[in-house]
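Presented as structure tokens, the chain that follows is alone, the form predicted on its own.
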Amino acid sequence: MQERIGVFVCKCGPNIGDKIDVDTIVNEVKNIDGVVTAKSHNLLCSNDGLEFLKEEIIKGNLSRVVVAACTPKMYEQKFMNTCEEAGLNPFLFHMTNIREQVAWVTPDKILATEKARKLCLAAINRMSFQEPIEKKEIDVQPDVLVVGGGVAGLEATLTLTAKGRKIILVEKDDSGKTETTESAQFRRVYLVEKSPCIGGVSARFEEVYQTMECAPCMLSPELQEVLQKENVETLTYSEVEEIVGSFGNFTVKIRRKARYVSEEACIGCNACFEPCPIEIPNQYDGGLSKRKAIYLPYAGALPNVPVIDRLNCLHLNGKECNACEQACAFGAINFEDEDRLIEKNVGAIILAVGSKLSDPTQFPQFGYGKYDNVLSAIQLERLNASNGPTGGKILLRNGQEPKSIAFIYCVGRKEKGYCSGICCMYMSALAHHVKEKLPDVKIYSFYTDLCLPKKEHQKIFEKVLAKGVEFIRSDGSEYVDYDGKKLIVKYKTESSVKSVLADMVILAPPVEPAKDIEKLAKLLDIPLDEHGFFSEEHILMKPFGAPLEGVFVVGTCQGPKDIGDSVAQGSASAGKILSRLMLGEKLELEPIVAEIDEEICCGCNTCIGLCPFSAIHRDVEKKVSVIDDTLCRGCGTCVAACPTGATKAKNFTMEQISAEIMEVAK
């Protein structure tokens, strides 16, 4: 059966009409075999033009359509939709660009007309190799996995579960009677947090910049809302073990570690703490306080259910002790508890696993771990916190108030090779807090560069200056010594070597990737950047998307950032998911994907390693590569790399492209 091709040339007003002899082209293509209609239109992309195109397709019973107009980037999808409305498979349409590629760059009208003519002929020649492509839809799982219970993960969770959706089903019975049913569906979110409580690093602060607001007061309503939402399952003290699948249909295995305390029976009375005979340094307070083997990370932690440290509990290590069990009046202690592996099905994944501050012992020149009163910024945060080891008092190890404090910025910046961007502000905020509690303390702030990028930052910096904090610019080679009574900070300026005496030294180590990042990167095949953070899909256009569709990296696991930026990314990633994973609807797959001819494939696996979307896997039995249509985005990387030509891209086959090239080359 001979194809019935329609060719339509747009004049685009004067853009094409004044530079190209459109009538000459139309008259020539009319005589080509298979072309049954060839017409021009002044503005084909207008509503009148689209209606004209639709009518011509129906009237001419066209089996293929060529449009010569402007850039396909702007209007190809609109023309394809019109073809579909007219009953024509949209992939039996082809668009060639004679505006940007010809009219706008070729001043000679005769040459421009000839170039446009060749492009039109090339498009017509290609059409004989064009094949219809059917769109595919799959059922999707609208539930979402959020990994990480810090501010980014909390915001994503609350955004995702803000509202349910009413689903209206209209059905006809055998008699033709219409029945309408209505139901409400709700998206579930599984919030997985590795620690015993949610809130992340921010929950350990007393006040946060830019607002100098009480962090626990700010976070508590969100923490309570997440824990009380019926469509949120909060899995604390849990870790992701395995992830398989693709956007819309991921299967996730989560290990719920044994807590040894029943979350249902425990009322959070804390009566079990005091009898426990074990005391170890509390990591949540930076080692400045002690905790028991059964503990809450800090006062006010949520959920308010303690956990037993299996490494330090006497009973769990085979010794005679059940002090906590005897103290519990509610039977909440369960020494027989075991780790459980649970499985969840989700449609999308948000990774918000946060980051950590580098261990200052990596930088021995500052005396951290050697001298008592050399502390990290997080340790000062805990001293300042009302639920911290000193009840909010800034004290030296001997219990006295410091008379002088040296803040050292940019610790480890040279070694790490990047600026964390938030250290200048959180150190300035800490200086502000210290001055509020100890107005007479002398504070020296040593910096190499000041990073104050946001509009509110300068105001905070000026407040700190007004309180008498002395900023000293050095070359970044500070060294901390001790004379038996005072800490000595030695530093270099452009002209000399100097030193100051201080009772306390506070270090601002760089933000670095959390331990979980490498494990999750392997599970989801997400690349890491040179510093070990998750790499975003595109630093400008998709700053929190991962290469694997349906996976998002938000907050500080993607790079150092403050609370506001983390919250914004958490909310934005949730918005992306809400716009595509619709309750009660199917997911339309990318139609123009690659395919592999198993008879030609040699099983070299070249394509598997090159695929940026992890869409290709090896069939072990057949010893060939197989493409997952749900993951493929039709980028063509595998097609270009295949040594045998077994891989082809739908709608961009070698035959189609060659047909165009051969016509242009005549």
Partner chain sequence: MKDEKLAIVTFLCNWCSYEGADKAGNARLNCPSNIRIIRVMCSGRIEPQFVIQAFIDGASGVLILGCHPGDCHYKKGNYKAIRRISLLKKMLRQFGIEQDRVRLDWVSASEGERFAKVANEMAETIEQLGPLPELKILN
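Given the structure is predicted, the values throughout are model-derived calculations rather than measurements. Positions refer to the first chain, counted from 1. Basically, rigid core = biggest C-alpha set you can superpose within 1.5 Å across the two forms.
The protein also exists as the form predicted together with its partner chain; that form is not presented, and the subsequent description refers to it.
- Only one of the listed residues (Ser499, Asn312, Asn81, Gln101) places a non-hydrogen atom within 4.5 angstroms of its partner chain in the predicted bound form, and that residue is Gln101.
- Between its partner chain and the residues Lys515, Lys485, Lys73, Lys319, the one pair within 4.5 Å by heavy atoms in the predicted bound form involves Lys73.
- Heavy atoms within 4.5 Å of its partner chain in the predicted bound form are found in one stretch of 58-66, 24-32, 38-46, 605-613, which is 605-613.
- For the three residues Leu235, Thr251 and Ala572, a heavy atom within 4.5 Å of its partner chain turns up in the predicted bound form in no case.
- Residue contact check for Leu119: one or more of its heavy atoms lie within 4.5 Å of its partner chain in the predicted bound form.
- Proximity of Val105 to its partner chain in the predicted bound form: non-hydrogen atoms within 4.5 Å are present.
- Residue contact with its partner chain in the predicted bound form: Gln379 places no heavy atom within 4.5 Å of it.
- Leu111 belongs to the set of residues with a heavy atom inside 4.5 Å of its partner chain in the predicted bound form.
- Applying a 4.5 Å heavy atom cutoff to its partner chain in the predicted bound form picks out no residue from 490-506.
- Relative to the superposed core, Ser658 undergoes a Cα shift smaller than 2 Å between the shown form and the other one.
- When the rigid core is held fixed, the Cα atom of Ala646 travels 2 angstroms or more between the shown form and the other one.
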